[in-house]
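One chain comes next, on its own, written out as structure tokens in the form predicted alone.
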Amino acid sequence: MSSGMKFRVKKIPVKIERLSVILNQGDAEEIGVLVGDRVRVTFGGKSCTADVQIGTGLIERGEVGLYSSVMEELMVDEGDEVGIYPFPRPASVDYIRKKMDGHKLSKDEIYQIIEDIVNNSLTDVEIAAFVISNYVKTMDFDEIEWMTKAMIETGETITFERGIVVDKHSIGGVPGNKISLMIVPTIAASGLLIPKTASRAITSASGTADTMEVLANVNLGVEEIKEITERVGGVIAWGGATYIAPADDKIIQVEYPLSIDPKPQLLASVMAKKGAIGAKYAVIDIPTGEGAKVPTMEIARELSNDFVELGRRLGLNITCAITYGGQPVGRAVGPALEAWEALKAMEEGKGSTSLLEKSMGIAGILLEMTGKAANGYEAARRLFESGKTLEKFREMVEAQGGDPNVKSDDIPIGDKVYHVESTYEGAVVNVDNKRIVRIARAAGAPKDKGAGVYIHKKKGEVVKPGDKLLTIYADKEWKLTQAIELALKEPPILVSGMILEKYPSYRMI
């Protein structure tokens, strides 16, 4: 294999996450690399590992095409000269193959895989192979523990000098789950510390970070998260802006197109983030029911046991709350609508039963776990109804660069509106989570903050002809049209007596 060559940089004006270079076919042959092989790129004492692409007609001999990710990593400009050296395939590829063959991995082998994921030494195909092997062959608890610790240790961590640090996490799958906006300030108002790092939407209509971003800056670094939490008591920040458990974010990127979430990855993903922020107590929300990620109580109990066991191994006190996930939480779905609903509930000291009961129930579990209250639900409810939750939330918003005086009615909602009305009399027998999300996303959520849906009627509620079932909000007319078409084609709210389908679908003459 060749010792490498010098190349003149040609900038490729395309943004990709991976570290990749584009070589001319002749140059690739000369240094002995093929598509997908790795090379070491060096410049001014800096270096990084990148995978090889071949550019036919795009890159001339003596040139190397660099994406912005590599240029930023090495602080190189177009026209500079960089060194390109063949780089051997990492040993972690062999460890991944070992797992694909169904063998148990050692602690060192798992650490090497996670480290290589963080260092961009593995390609997306190789990371996908690791994810699929865990989906098909699974991992035992030793392996899951080692993977979780490796995720923590290969990223940033936060250490608090004072106070009791707690956290909560929902495994997701239910639209409208804006409970963190009410739980975090309630817990902070009790005197506990809760540095909540949240995700953005991947397949949902709004992640907690998307919802909080309507009111405040969520792109906070680790030091900012620590400073605000110690000063105010709580924070809601986007985890992707930090370097907390960075391997997890890279794994999620390859899980998404595969539409799989292997249990080992799910457990490690959640627990690595809890461990990295120094939490000693955490509640895991496991929504369960038709249309949720976890369909049955049996599976929910099994997953709860796994979380508790992994917590024990990591020195974390974990309680799982199996919650109802058969329909959306509250009535609003979409970033601005969810922010509006949560803030409105805090302003009025009341709100949708599902939103209020779930928020106060989970906050109450944390208060009981830490010895703050014997009856956690009642204590959380008192903080909420006294206005202390709202007061603390406004402090958080201000600390995160938002307007502390913002009112719920100040939040801009999409001005393109359509009401889906019932043509039947009866009661709502089903609200389809997946269809609600598809309609909200068709309307523009989460990218368009004001887009989403408001659910007027939920399960068990009586409906008359002409009653509103659903209101769709959008910022753009064409997105509203596409959401309306979807809502009429796939009704998300089923009323008793509705005709579900005609068969045959043609009309007899």
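Just so you know, these numbers come straight off a predicted model, no measurement behind them. In this text, rigid core is short for the largest set of C-alphas that superpose within 1.5 Å between two forms. Residue numbers run from 1 along the displayed sequence.
One more form of this protein exists, namely the form predicted together with another copy of the chain; it is left out here, but the text below deals with it.
Visitor: Can any non-hydrogen atom of Ile54 be found within 4.5 angstroms of another copy of the chain in the predicted bound form?
Guide: Within the cut-off, so yes.
Visitor: May I ask you to state whether Lys458 is within 4.5 Å of another copy of the chain in the predicted bound form, using heavy atom distances?
Guide: Output for Lys458 is no: heavy atoms all beyond 4.5 Å of another copy of the chain.
Visitor: Is Lys280 near another copy of the chain? Define near as a heavy atom within 4.5 Å, in the predicted bound form.
Guide: Outside the cut-off, so no.
Visitor: For Asn405, is any heavy atom within 4.5 Å of another copy of the chain in the predicted bound form, or not?
Guide: Heavy-atom contact with another copy of the chain at 4.5 Å: absent for Asn405.
Visitor: Can you tell me which of 321 to 329, 348 to 356, 94 to 102, 374 to 382 lies within 4.5 Å of another copy of the chain in the predicted bound form, counting heavy atoms only?
Guide: In the other structure, the partner sits against 94 to 102.
Visitor: Have a look at Lys46, Lys447, Arg40, Lys468 for me and say which one sits with a heavy atom within 4.5 Å of another copy of the chain in the predicted bound form.
Guide: After the contact test, the surviving option is Lys447.
Visitor: Going by heavy atom distances of 4.5 angstroms or less, which of Ala128, Val232, Val76, Leu266 would be at the interface with another copy of the chain in the predicted bound form?
Guide: Comparing distances to another copy of the chain in the predicted bound form, the residue within 4.5 Å is Ala128.
Visitor: Do any residues of 419 to 447 have a non-hydrogen atom within 4.5 angstroms of another copy of the chain in the predicted bound form? If so, which ones, in sequence order?
Guide: Residues within 4.5 Å: Arg438, Arg441, Lys447.
Visitor: So, does Pro86 move by 2 Å or more at the CA between this form and the one not shown, with the core held fixed?
Guide: Yes, because once the rigid core is superposed, the C-alpha of Pro86 moves 2 Å or more between this form and the one not shown.
Visitor: Fitting the rigid core first, would the Cα of Gly26 be found 2 Å or more away between this form and the one not shown?
Guide: Yes, its C-alpha moves 2 Å or more.
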